[in-house]
Structures are given as structure tokens and as C-alpha cells.
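The form predicted on its own is given below as one chain in C-alpha cells.
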Amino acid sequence: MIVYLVRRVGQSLFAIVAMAILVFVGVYAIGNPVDILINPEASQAEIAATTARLGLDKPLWEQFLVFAGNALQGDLGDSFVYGRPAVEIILDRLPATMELAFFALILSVGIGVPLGVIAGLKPDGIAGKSIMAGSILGFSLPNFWQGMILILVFAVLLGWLPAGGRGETVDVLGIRVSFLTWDGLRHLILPAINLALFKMSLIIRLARANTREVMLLDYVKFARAKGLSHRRVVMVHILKNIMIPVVTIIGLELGSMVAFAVVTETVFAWPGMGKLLIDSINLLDRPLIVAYLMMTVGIIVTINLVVDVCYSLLDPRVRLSEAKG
């Protein structure tokens, strides 16, 4: 187990270092933020002073070494625009993104699992076929288009829900949350639905496939032969077993929902990390872009590491095959 753990941690660290090089070079080799940050009528002396102050006058490799050295101490640089530590700015936006991601996850599971089970129990019925057709739409339609349609229908035509923003918030243990106020909850519904649609479709298809598979197993047939009610067979013997792969997918997908809510936050003007990234790209705020991407890499690598370790604890064959490899 120790050999497996050391190997996986080493692979994770290698992935983070490789991504740090790719991200830094990819962001710092494009454009010149000084052209955006200072007055267009500034003199050459002012441009040179700003360039030197931001550290952009150094060769790219030297800038990377400075970044890497600071990153090892937990410092991912200061924002060119805000003049504050990039990590601090991102963490200010993190609660809004986490709130949106968790609500989207609740919707995905709360609606996706029951619909997937129904589609699995009645695959040839109208309900089953309709659910699967809906899941295909959820996969196929672009996320930004779904968001625009939601705004058009529920905000513009019906006027039921607001089209953007976070609404009224309250402080809970020093963290601003919006779901505890009616106004904030109304602002949360549409972006949460938009972010949940793709994951919901994924869970529907996964739950349907697992339901079809579990229904054919002997213990389900035996439960029915004992005379248990259909409801009890579904709730206890089928639902319980299909949730194992569903929970695995949920764990992996939560990281991507937090990291890649960029489109939804942009469409609905949700003040989270994704909108901050888009604003930073427009302003060429390189430290913020790099810090966001590195934090995203860190989240995804950590989640995958935890999932792999959990797998190895549940199934010793995983770590044995890794050790032999």
C-alpha cells in the first residue's frame, strides 16, 4: 500500500509540475498586458517602468523560476489589475462558485437518479423513451445556448426569475451565501439548472444502464420471488446498488463543475471564479489566470488521487497491479 501511495503521489506531483510549465508558458508568452493596463498616451519611460515593476522585463524562463519559487511558498503572484494576491481574490469568489456547483449537483442527482431508474425500469415505455430523448438533448445542446434559452423563457417571456447576478446575500460564519434569502435563491435557480443539465443527462444514462444490469441479477429475482413489493425491490435492492458507480462519477464530476462553471457564470453574470477568469483573460491579468488554472489543476489532481486511493482500499487488485507495473 505504501509503494502504491508513494507512486500515485509522485505521479500527481509530476502532473502538477508539467501543468505549471505548460500553463505559465502558454499564458505569459501571449500578448503584452502593459498595453492594456496603462494609459495609451504613456511615455516610453512610463511603459518601461511599468514593465519592470510587473517583472515582465525578465526572460520567460527567469519569470517562471520566480513564479515556481513563490508557488512553493504558497504565493501564486499578485494580480496586475487589483494589486492583491491572486489566491486571495480567487478565494473571495470561491463561495459563489461552490454554492452554484453544489446546487447544480443536488439538482443533477435529485432529478437524474429517479429519471434514470424510471428509464431503466420501463425502457420501452413512453416515459423511458422521453427521458432518454431529453438526456440526449442535455448532452447535445451547447451549455451557453441552454442558458440563453432559460433566460429567454423564464426571465424575459414569463418574468418568473431574474436573468443574472447573485441577488441578496447573508453572512454565515464570515462567508456570503445567497441561498438563505428568497432573492438570492431566485437568482440561483436558473444558473444552477444550466450547470446541472449536462451532469443530469450523464447521471440519467448511468443510472439507466446500471438499473438494467442490476434488474437481471439473481438477488433481485430472488427478492421478487419472495413476494416483496415492487417499491421495496426498487428502493432497497436496485437503487442501493446502482448508487455505487453514480457516487463515483459524482465525486469526479464535482471538481469539474467547480473548475469549469465558466460558461454558466458568464451567461448569468454570476460573480464566481469562472467570471473572474473571463474578466482576467480580457485584461491579460496573467497572475490571476495562472493562479486560477493551477488551483483548478490542484483540485482535479487531488480528487483523482483520493478516488484512486479509495479504489485501492476497496479493491486490493488495483494497488497490486500498480506495484507490478
Partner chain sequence: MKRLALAGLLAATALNPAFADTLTVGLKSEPTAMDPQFHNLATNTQVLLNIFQGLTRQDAVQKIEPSLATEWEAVDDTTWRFTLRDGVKFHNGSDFTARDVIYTYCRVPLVQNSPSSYTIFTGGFADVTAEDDHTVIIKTAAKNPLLPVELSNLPIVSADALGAEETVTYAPGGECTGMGTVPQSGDFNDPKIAAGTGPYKLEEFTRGTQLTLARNEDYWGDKPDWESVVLRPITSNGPRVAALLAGDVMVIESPPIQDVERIEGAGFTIVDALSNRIIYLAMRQDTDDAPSIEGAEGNPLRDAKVREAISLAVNRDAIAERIMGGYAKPAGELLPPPMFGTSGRAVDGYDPNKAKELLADAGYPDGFSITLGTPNDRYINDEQVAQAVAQMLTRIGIKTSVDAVTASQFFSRRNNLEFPIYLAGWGASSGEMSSPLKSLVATYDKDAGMGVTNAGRYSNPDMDETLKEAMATIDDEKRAELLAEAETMVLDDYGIIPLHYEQTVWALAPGLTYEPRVDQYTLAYEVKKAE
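Residue numbers count along the first chain shown, from 1. Because the structure is predicted, anything quoted here is derived from the model rather than measured.
Only in words, not in the display: the form predicted together with the partner chain, which the text now covers.
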Problem set entry | Site check 136, 218 and 223: each within 4.5 Å of the partner chain in the predicted bound form by heavy atom | no
Problem set entry | Proximity to the partner chain in the predicted bound form, single hit among 121, 249, 132, 163 (heavy atom within 4.5 Å) | 163
For this session: Please name which of the stretches 100-108, 69-77, 147-155, 205-213 has residues with heavy atoms lying within 4.5 Å of the partner chain in the predicted bound form.
Result: 147-155
Exercise. Would residue 125 show up as a contact with the partner chain in the predicted bound form if we use heavy atoms at 4.5 Å?
Worked result: no
Exercise. Is there any non-hydrogen atom of residue 31 lying within 4.5 Å of the partner chain in the predicted bound form?
Worked result: yes
For this session: Please run the contact check for residue 93 against the partner chain in the predicted bound form: heavy atoms, 4.5 angstroms, yes or no?
Result: yes
Exercise. Would residue 232 count as a contact of the partner chain in the predicted bound form, using a 4.5 angstroms cut-off between non-hydrogen atoms?
Worked result: no
Problem set entry | in the predicted bound form: members of 278-309 within 4.5 Å of the partner chain, any heavy atom | 279, 281, 282, 284
